[in-house]
Every structure is written in C-alpha cells, then in structure tokens.
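Read the single chain below, which is given as structure tokens and is the form predicted alone.
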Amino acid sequence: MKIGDELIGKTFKVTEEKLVAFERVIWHRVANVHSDKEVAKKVGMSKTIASGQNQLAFLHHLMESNFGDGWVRGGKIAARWVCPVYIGDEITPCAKVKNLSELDGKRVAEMEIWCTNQGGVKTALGMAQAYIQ
C-alpha cells in the first residue's frame, strides 16, 4: 500500500426492503422518512431516503474488506452526508490513501473516504484510518 492508492468497494443497490430492514435492525424505530414512504411524503419528500448510518455501513464494508482486523481493532472513521440516497440508487464506497504513518509500532493508513451514486455524485465524504496488517 502506498500514498495515492485508491480502494473501490462493492456497489450496493438501495432497495426499499433493505432500507426498512436496516432501520428495524439497527434502530428499532417507528416508521420514519427512512423506512416509510407515506411518512416521507408527509414531510415533502417524494420517496424514502437512506439514513447516514446506511452509507456508513457501506464504508465499513470497504474498510473491513481491505484491512480486516486492522480495521476492526483500531479503525477510525468520520463522515458527513452531502447528498440524499434514494431507493433505486447504487452506492459505491471509495477511499484514497493520503498518508502512511506509524502508531504504537504499527503501520497506519490515513484515507480520504467517500460514497458515490450511479451518476458519479458524491453522497458522503470523510476520513478514515486503519492499521495495515
């Protein structure tokens, strides 16, 4: 791994079934704009939108797939959501190595992270770091 390397993750298709299931499993919440199209319509949205936690799960998958225990046992992430993700969108998590350093005797990759939709629009932006195994 070297500075400038890019990681491109699996593309995830966002479906209504997956959004509803994710909301129920993760949050145990009542119907909301993330899980119920009628609630979304009541607040002026044309359809449900994915929660930020949903995109975070895609980014987590990218990090764990590339760093394994180096992610699970020391990874850090900070992200913000910059564009809504809707049912039918296809979201791809990505990262670019910005710096390599050492922490507690272990190599660390510091990365810029983002998600893009099928049109190439960035939907999430942030930074992550993980130990390199």
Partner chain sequence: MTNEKSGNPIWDSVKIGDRFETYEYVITQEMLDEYRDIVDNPNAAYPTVAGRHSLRAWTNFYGPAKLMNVGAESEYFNPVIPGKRIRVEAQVTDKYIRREKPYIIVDSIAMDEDGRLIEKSRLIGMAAKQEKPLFAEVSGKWENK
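Numbering follows the first chain given and starts at 1. Keep in mind that what you see is a predicted model, and the values were worked out from it rather than measured.
Keep in mind that the form predicted together with its partner chain is missing from the display, and what follows is about it.
Asks: Decide if the three candidate residues 33, 53 and 71 all line its partner chain in the predicted bound form, where lining means a heavy atom within 4.5 Å.
Replies: Judged in the predicted bound form, 33, 53 and 71 all sit within 4.5 Å of its partner chain.
Asks: Taking its partner chain in the predicted bound form as the reference, which of 97, 79, 87, 108 has a non-hydrogen atom within 4.5 Å?
Replies: Contact check passes for 79.
Asks: Please run the contact check for residue 22 against its partner chain in the predicted bound form: heavy atoms, 4.5 angstroms, yes or no?
Replies: Because a heavy atom of residue 22 falls inside 4.5 Å of its partner chain in the predicted bound form, the answer is yes.
Asks: Decide whether residue 49 counts as a contact residue for its partner chain in the predicted bound form under a heavy atom distance cut-off of 4.5 Å.
Replies: Result yes; residue 49 sits at the interface with its partner chain in the predicted bound form.
Asks: So in the predicted bound form, does residue 60 come within 4.5 Å of its partner chain, heavy atom to heavy atom?
Replies: Yes, contact at 4.5 Å.
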